[in-house]
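Take a look at this single chain, the form predicted on its own, given in C-alpha cells.
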C-alpha cells in the first residue's frame, strides 16, 4: 500500500532525506519517529507528491509518485493528511469548510452531508457545525482537521501529531478512531514525538534521522537482530544455570556480564551473580537468555529443572520504545 525505494531529497548542498526504503501493507500503522529536523515531514511530502524526490521512487495507494498532475489528482482522492498546523477558512463554518473539501474529494449531495454529520458526531462536534471555525478552540480545530483527513475514506492516511492540543479524553477517543481505521484496512503513517502513543498504536516503527536508522515491528527492533530474550531468575548464584544453558547452545548473559564485572571468570560463567545488583530476590540470580523464539521458553525451563536448578521466574524482556528510539538515534551519532 506504501512502498518507497531510495527516496532522497536534497535542498542545495543539504541532504534532508537520504536513501529511504521501506514497505507498508494494508492495515499496518507505522509510527515515524525522529528528532526535529530529521526529515519526517520531507519524507511525508514526497510520499504525497507535494515535492519531488531528488532521487528514488514511491508508490502510495497504487499510484506512483512523483509524476504528472493526473496521477497526483488520483492520489489526492486516495490519501488523507492531518498536518501539524491545520489550516481552515476561519470565516466559514465547520460545515462549509467540510463541504468545500468534500467536493474537492468528489463527494456531493446526500452522501457528503451524511458523511459530514457522521464524523462531526464521532469527533464530538455535533451541534457545532454551523459555528464559524474562528470561534473554535485549538482542540476543536484539531478534531475538525481529523475529520477533513478521513471523511472521504482514504486508503492511506498520514497523521502529524494527531492528539496535539487535545485533552486526555479527546486524545483517547482519537486513538480509538485511529485503531478503528487500522482495523478497517487503512494504511496509516503517524509522525509523533509521543512515544507512549506510538507504542500503543504502531505495528511498525520507523526511526529516521536523514537516513532510515531502524524499521520493523517493535519486538523485532528490541532484539537487535539476535532473537528474543528471556529474563530467567534461578535460585543460587547462577553459575550452574549458565553452564547448563550454554551447554545447550544458548547465549546467556549474567548480572556480572551486564555490569562488565572483572569478577567474571575466564570461562564466562558467573562466579557469583549476587542479588545486590538488584536483578533478583535474595539468594537468587537473574540471567538473560537469547532464544530463537519465545515458544522455546518451556525447553529453557526444562533444561534448568532437569539439571537440578530451581527456576523462580521466567519472563520475556521487552525493551521500551524509548530505549529502541534512543539507541537508534544515538548509534547515528
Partner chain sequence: MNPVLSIFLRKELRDLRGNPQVLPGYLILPLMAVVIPTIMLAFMPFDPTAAAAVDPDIVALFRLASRDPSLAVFPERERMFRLLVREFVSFFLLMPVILASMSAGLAIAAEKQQRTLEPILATPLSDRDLLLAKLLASLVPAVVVTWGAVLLSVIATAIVTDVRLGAAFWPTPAVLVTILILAPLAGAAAALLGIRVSVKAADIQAAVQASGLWVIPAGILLIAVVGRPAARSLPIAFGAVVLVGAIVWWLFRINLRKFEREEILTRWV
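The model shown is predicted, which means the values in this text are computed figures rather than measured ones. Numbering follows the first chain given and starts at 1.
Unshown form predicted in complex with the partner chain; subsequent notes refer to it.
- Under a 4.5 angstroms non-hydrogen atom cutoff, the partner chain in the model of the complex has residue 76 among its neighbouring residues.
- Interface residue remark: residue 148 is counted as part of the site for the partner chain in the model of the complex, having a heavy atom within 4.5 Å.
- The partner chain in the model of the complex comes within 4.5 Å of a heavy atom belonging to residue 45.
- Within this chain, residue 101 lines the site of the partner chain in the model of the complex, having a heavy atom no more than 4.5 Å away.
- In summary, among the residues 164, 170, 83, 199, the only one with a non-hydrogen atom within 4.5 Å of the partner chain in the model of the complex is 83.
- Just one of 52, 35, 307, 26 comes within 4.5 Å of the partner chain in the model of the complex, counting any heavy atom, and that one is 52.
- With the partner chain left out of view, the stretch that reaches within 4.5 Å of it through heavy atoms in the model of the complex is, among 230 to 238, 115 to 123, 85 to 93, 172 to 180, 85 to 93.
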